[in-house]
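In the form predicted on its own, a lone chain appears below as structure tokens.
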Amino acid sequence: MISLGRAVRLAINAEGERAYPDECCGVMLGSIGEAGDRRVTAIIGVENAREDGERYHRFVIEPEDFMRAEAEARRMGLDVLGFYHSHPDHPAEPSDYDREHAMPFYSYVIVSVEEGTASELTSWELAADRSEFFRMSCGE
């Protein structure tokens, strides 16, 4: 399970709406409990670095941005728990492209942005063999 507080949900929704019609992206920071539950307490929005005209349905996080997010997590005493991005005018379900570029362990939150307004927000985790995503409970 992953817990996103109200402020985190609102911030992810706002980033998705701001980036529309392109995809937004960012890094989720927080902590992992003894039972393996994850609690996101901060996000770091990252510029979608995709440069080939595909930003409306693809995103790229540059290694330098990921390293800055890791450093900020350490500074705050938190862990990088995963990533979020938006799906403009598309369901909040991972695509094959998302699966091919994801890594096990991390949580992946997707917000659907329909005609500029954030709607469904879901959370996913990639199987260890990278064959499929599993939908995770996403609470507050």
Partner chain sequence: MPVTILIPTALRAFTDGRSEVQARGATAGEAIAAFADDYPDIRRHLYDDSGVLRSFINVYLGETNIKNLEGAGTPVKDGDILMLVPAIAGGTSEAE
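Residue numbers count along the first chain shown, from 1. What you are looking at is a predicted structure, and each value in this text was computed from that prediction instead of being measured.
Beyond what is shown, the protein has a form predicted together with its partner chain; the following relates to that form.
Candidate site formed by 15, 125 and 134: none of these residues places a non-hydrogen atom within 4.5 angstroms of its partner chain in the predicted bound form. In the predicted bound form, at least one heavy atom of residue 64 sits within 4.5 Å of a heavy atom of its partner chain. With a 4.5 Å cutoff on heavy atoms, residue 39 does not count as touching its partner chain in the predicted bound form; it lies far away. The closest non-hydrogen atom of residue 115 lies beyond 4.5 Å of its partner chain in the predicted bound form. The closest heavy atom approach of residue 71 to its partner chain in the predicted bound form falls outside 4.5 Å. In this stretch, 4-39, the one residue having a heavy atom within 4.5 Å of its partner chain in the predicted bound form is 23; the partner itself is omitted from this view.
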